[in-house]
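A single chain comes next, written as structure tokens; it is the form predicted alone.
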Amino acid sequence: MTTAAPTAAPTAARAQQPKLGRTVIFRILRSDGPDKPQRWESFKVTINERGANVISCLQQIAANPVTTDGRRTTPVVWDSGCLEEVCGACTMVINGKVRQSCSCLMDEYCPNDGDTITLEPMTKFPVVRDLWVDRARVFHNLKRVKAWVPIDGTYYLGPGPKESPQQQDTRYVLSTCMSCGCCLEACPQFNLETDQQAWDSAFIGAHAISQARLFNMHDTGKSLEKLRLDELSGPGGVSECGNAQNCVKVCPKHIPLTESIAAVGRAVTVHNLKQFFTGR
């Protein structure tokens, strides 16, 4: 008597991947230059590869800038650099939320044929053209807090200061900031300011506060601690944070920005009390 061979156990069904060859509609808020009127234009893009992101789709549009109604237009302008979420240049507002466009994958955002994705420039910085904005104020505010380690590089100074593993863990996360501007776009206290003379008194932003904390923790960088705390004690400093906590929610590097703001706030309070009682 023979027995039938046991049937193979059914394998778990694989998660169905979005279909290649699908068409996605890109709805883009455009303008031809600073202070020019804005307009909406839509484009059809065919997704033919896994891992396609917003940038690769914008490249398709640039190669053939024809709107969904068949009208030829100018190529869409955007800013990008590394394409791996390191440089921070490609920040834009996607479906109403600020984020990096290089890491925005079409298989996640537009998995179905006919899906629409909306792209807008950041609103807290002057528009240069289309999706490209001028982020000069981001770096100006880093200069306000002297976000660097002062080192005389003309001669050998010997080995640098040692750090504990715990301090390394804290400072490494802070050092991953790429000055992308996501935290500033989401912050209700940080507003568009086209008058550069007003930059030094407007709210400095979570990114600069966190970088001040980073360099104040550095054994060499802390030589400028007093100057940083003086700046953060004045107009536009840490006290103007409204504690909305939007910054930490949108940070692509998951930097603990609210922890940095709290830590710098405490340092500023101690600094001001010391100055009040000692005059130094």
Partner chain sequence: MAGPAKSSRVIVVGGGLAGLAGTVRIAEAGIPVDLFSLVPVKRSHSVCAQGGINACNDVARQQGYSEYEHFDETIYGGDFLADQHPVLEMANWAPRIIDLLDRMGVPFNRTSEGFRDLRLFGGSLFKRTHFAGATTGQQLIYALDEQVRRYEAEGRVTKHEFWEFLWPVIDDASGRCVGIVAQDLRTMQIRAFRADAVVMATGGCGLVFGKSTMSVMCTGAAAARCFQAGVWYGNPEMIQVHPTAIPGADKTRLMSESARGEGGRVWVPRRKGDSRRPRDIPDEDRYYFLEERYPAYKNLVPRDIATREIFSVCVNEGLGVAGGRQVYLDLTHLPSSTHHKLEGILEIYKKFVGDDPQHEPMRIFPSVHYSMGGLYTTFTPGSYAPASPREKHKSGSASPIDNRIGQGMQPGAVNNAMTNVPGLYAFGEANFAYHGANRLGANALLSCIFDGLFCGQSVVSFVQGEAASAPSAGLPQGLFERFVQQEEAKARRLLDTTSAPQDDPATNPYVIHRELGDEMTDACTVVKTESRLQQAWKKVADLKDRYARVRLGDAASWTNQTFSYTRAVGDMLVLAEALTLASIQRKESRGAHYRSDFPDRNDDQFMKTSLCKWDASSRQVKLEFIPIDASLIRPKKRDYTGKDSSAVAGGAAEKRVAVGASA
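Positions refer to the first chain, counted from 1. Since the model is a prediction, treat every value here as computed from it, not as a measurement.
The next section is about a form of this same protein that is not shown, the form predicted in complex with its partner chain.
When its partner chain is considered in the predicted complex, residue 154 lines it closely, a heavy atom lying within 4.5 Å. In the predicted complex, residue 132 approaches its partner chain with a heavy atom inside 4.5 Å. Although the partner is absent from this view, residue 56 contacts its partner chain in the predicted complex, with a non-hydrogen atom inside 4.5 angstroms.
Although the partner is absent from this view, residue 179 contacts its partner chain in the predicted complex, with a non-hydrogen atom inside 4.5 angstroms. With the partner removed from view, the residue among 103, 123, 194, 118 that has a non-hydrogen atom within 4.5 Å of its partner chain in the predicted complex turns out to be 103. Per the 4.5 Å heavy atom criterion, its partner chain in the predicted complex is contacted by stretch 143-151, the sole one of 143-151, 109-117, 183-191, 196-204. Using a 4.5 Å heavy atom cutoff, 63, 84 and 163 all lie near its partner chain in the predicted complex. Residues of 57-79 lying near its partner chain in the predicted complex, listed in sequence order, are 59, 62, 63, 72, 73, 74, 75, 76, 77, 78, 79, the criterion being any heavy atom within 4.5 Å.
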